[in-house]
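So this first bit is one chain, no partners, the form predicted on its own, shown in structure tokens.
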């Protein structure tokens, strides 16, 4: 069992369904005042991983430590220290928003100042004016916000949120992430899964999952550096960039690659943007290139995700090909031995046929 002081830790964590590993070999550690985002496509293992982290599912290999204990051994007091928002939240359609939240507060053992707490949470998720509305009359976005309020009612130390913004419009998603940051600043550790890769920018740490494996767990900035092999810099000029200058930029100190992305623009990968940008601006001035911008662009995390996952799949395919070639080689060697044996003892090989 891991006891490194982290609020959530895993070691070689894995879960198997039949002959297929849904999650395997996951090592992570997270402490307080963080938003840990787990990004990846449907079926990559995000939900299975979160359910093992909070103790709903037992692992088939490895171990989990949550608040210093095995979550499989949690009692009711331990459970009150965590919150979990599944993809399909438990809400009662014939009850009002207030009644639903009050019921969840009862289950969580909230006794003191409960009414004030419910008002506070409904305002937090912008549902105060709709508290008397029945759940079946509320929109999907309102129901999702109510479900979020329900898991916050007992002020958990660690909060697991499984795709909390799925199916919610971009404006509301932005507001919800603002609230996540408030929770973090108040001392809650949040573990959030999402299919919206762009939400990686809102996290303190980002874990990329692909085919059940955690490919990376790092800050959004470092994740982009991993994907591109350095910092990105973008040049945009007033006049079209001459081809010879684009080619020459590839030879400058600190530049690892250059790609033209339009007649007036090029994207460079550099070792350190802060060091390279002043040199690059001087070089452009020397060549009388008038620019509208020479700076680090906004990171496209969809592109970052695609690059990391495709690289991993390529490496796996290469490993599989090497293994197949090795198997073919061994098969060939065995066949060669059989042929040699056959040439040395032809009569023994022919005898079984003679019986027919």
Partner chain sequence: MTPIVTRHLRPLIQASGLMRKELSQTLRQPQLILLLAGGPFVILVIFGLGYDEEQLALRTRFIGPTDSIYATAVDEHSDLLSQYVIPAGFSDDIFEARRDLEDDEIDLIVIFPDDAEVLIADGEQAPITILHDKLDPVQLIAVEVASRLAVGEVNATILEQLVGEGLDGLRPLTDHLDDAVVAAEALEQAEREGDSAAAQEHYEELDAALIGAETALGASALVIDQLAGTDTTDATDSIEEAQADIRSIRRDADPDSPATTAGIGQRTADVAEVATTLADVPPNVIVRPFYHEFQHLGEEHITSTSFFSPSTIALLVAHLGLTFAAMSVIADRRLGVFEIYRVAPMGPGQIVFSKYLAFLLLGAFVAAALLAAVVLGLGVPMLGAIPWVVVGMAGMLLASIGLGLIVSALANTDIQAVQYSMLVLLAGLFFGGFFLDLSAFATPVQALAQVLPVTHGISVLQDVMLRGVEPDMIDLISLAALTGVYGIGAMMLMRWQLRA
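Numbering follows the first chain given and starts at 1. A quick note: this is a predicted structure, and the numbers were derived from the prediction, not measured.
Omitted here: the form predicted in complex with the partner chain. The next part is about that form.
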Would residue 185 show up as a contact with the partner chain in the predicted complex if we use heavy atoms at 4.5 Å?
no
Closest heavy atom of residue 153 to the partner chain in the predicted complex, within 4.5 Å or not?
yes
Is residue 239 one of the residues lying within 4.5 Å of the partner chain in the predicted complex, judged by heavy atom distances?
no
Indicate whether residue 257 is a 4.5 Å heavy atom neighbour of the partner chain in the predicted complex.
no
77, 92 and 107 all contacting the partner chain in the predicted complex, non-hydrogen atom within 4.5 Å
yes
Would you mind picking the one in 274, 113, 244, 73 that has a heavy atom within 4.5 Å of the partner chain in the predicted complex?
113
In the predicted complex, the residue from 29, 33, 306, 56 that sits within 4.5 Å of the partner chain by heavy atoms:
56
Can you pick the stretch from 212-220, 153-161, 173-181, 258-266 whose heavy atoms fall within 4.5 Å of the partner chain in the predicted complex?
153-161
